[in-house]
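The chain below stands alone and is given as structure tokens, in the form predicted alone.
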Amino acid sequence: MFDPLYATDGESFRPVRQMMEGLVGFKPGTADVEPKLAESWTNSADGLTWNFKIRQGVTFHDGTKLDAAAVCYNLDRMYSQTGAGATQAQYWADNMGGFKGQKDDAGKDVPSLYKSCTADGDTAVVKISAYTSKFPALLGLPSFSIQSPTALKKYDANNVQASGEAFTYPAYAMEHPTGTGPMQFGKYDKTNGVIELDRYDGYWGDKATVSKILFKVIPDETARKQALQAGTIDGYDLPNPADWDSLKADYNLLIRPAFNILYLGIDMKNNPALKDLKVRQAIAYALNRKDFVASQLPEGATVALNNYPDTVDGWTKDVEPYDYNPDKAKQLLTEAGQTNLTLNFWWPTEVSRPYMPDPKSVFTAFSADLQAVGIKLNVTSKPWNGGYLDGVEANKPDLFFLGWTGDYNTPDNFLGGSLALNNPENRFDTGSQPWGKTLASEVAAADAEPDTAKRNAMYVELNKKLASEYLPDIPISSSPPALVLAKNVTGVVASPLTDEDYAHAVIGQK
């Protein structure tokens, strides 16, 4: 599925980033915002009106022209999602809030950050409802890429349908994604798991240096390494840290900055025991995170104290660290009356993530820790995109592994990302956990504070409370993921956002 509006994972965004662009982008190798389809912008003093001057001479892959009207069509299209489309447009919901006309259970409008977009000559005037620290950076998200209005209409892009627990997508998403990037969609061989992108010779910037890019799905990490060694692929993402030293000798190993978080999620909806803070603290004390980081993660990885890396504003070391202490964990379980606790523990297969290159080893380490303090586990493993993510969203596991690679450099991006702390209805039983709504309001208040110093102080206090009072999850680690390429492939800059540009790679002689 290649319509980024409905995508939520890095693997889907990987080809999209070569084909599509947003109003803003990010400087190569950083999380710093730079102009992209908007060549410049200004904003009102209150941060509620943004004037984006649209770059001239840009065409979509179908030959139609990019202009301010096309930008507004895209934003209005995103805002106007209904039914299954609204369900799948998760990045919009997480970052912008409600959709046009959307009501909550009480019949009230679901608040939306987005208000309107108006074309004024070559300027798109975007109005939002409240100040937010993440604007305009959030417009650089792949999900908010600007796509051809002509193609969106022609191929019925909004016609997403629910099919049992899955979804079916229209022709646009499967065969005709149409952006402005240096590469354009070629074809998708679903049987062999190969996505083909072709150079777009009408690109407004530097033309692609490669004529084609093939993305091949190889679920097993060892098989990916063997394919590189055999020369059948030119590179792969997320090599196992244990292989880094050997790979450096014969390949280009690019190490990204650690701009991610791995956490143990706790779902409190179905297991009353988890609503007790002492039980959640016991789980935290049971995890030997220091040993895990030292033995299984690469140099530069750290035990996570907050729910985001220490390079992000508002991070603080002054939180409850939950150092490994199995005796303390047993004590807390006893005090909570949970010496015979059983939890449903899920872990994902068929995936490598920047924060979790080998999910099985993560599960093995921490499941042993939990069982060592007397917690019994009902274990379930499912493919990442074959039941795992859907199961987590449906509140099926009590414990699960997830994480987040930052989309841009703000605390709200991490706290409101896969953690969804700005929407406690997902994992918290707010009937018995009223702090869930308090937490959501605190996350929103910090993001809405325009004074940088005050905002950072609010995040420091919020991080302290997340560790001591709320503990909705257990932060585990931040880790520098790597990308490995053949020796003759150069010119690719490692990105903390996994936003690598492969279209301008330089391919030398082997």
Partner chain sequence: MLRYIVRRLIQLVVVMFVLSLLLFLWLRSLPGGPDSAICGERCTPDQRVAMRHALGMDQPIWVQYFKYMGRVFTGNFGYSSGVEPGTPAIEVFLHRLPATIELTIGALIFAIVLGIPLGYFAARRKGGIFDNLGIISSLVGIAIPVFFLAYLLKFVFAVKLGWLPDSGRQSTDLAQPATRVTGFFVLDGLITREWDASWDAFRHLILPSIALGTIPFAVIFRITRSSVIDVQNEDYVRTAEAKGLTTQVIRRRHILRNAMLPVVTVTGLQVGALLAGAVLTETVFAYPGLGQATAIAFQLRDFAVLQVLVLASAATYTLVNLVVDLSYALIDPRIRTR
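Numbering follows the first chain given and starts at 1. From a predicted model like this one, the values you see are computed outputs, not experimental measurements.
What follows is about the form predicted together with its partner chain, which we do not show.
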Verify the contact flag for G386: yes if a non-hydrogen atom of it lies within 4.5 Å of a non-hydrogen atom of its partner chain in the predicted complex, no if not.
yes
Any non-hydrogen atom of Q226 within 4.5 angstroms of its partner chain in the predicted complex
yes
May I ask you to state whether Y308 is within 4.5 Å of its partner chain in the predicted complex, using heavy atom distances?
no
Is the gap between E335 and its partner chain in the predicted complex 4.5 Å or less for some heavy atom pair?
no
Tell me which stretch of 199 to 207, 111 to 119, 148 to 156, 396 to 404 has a heavy atom within 4.5 angstroms of its partner chain in the predicted complex.
396 to 404
Between the options D318, E165, D323, D327, which residue brings a heavy atom to within 4.5 Å of its partner chain in the predicted complex?
E165
Out of Q88, Q433, N74, Q184, which one falls within 4.5 Å of its partner chain in the predicted complex, going by heavy atoms?
Q88
All three of T8, V194 and T222 touching its partner chain in the predicted complex at 4.5 Å, heavy atom to heavy atom?
yes
Hey, which residues along 345 to 372 are within 4.5 angstroms of its partner chain in the predicted complex, non-hydrogen atoms only?
E350, R353, Y355
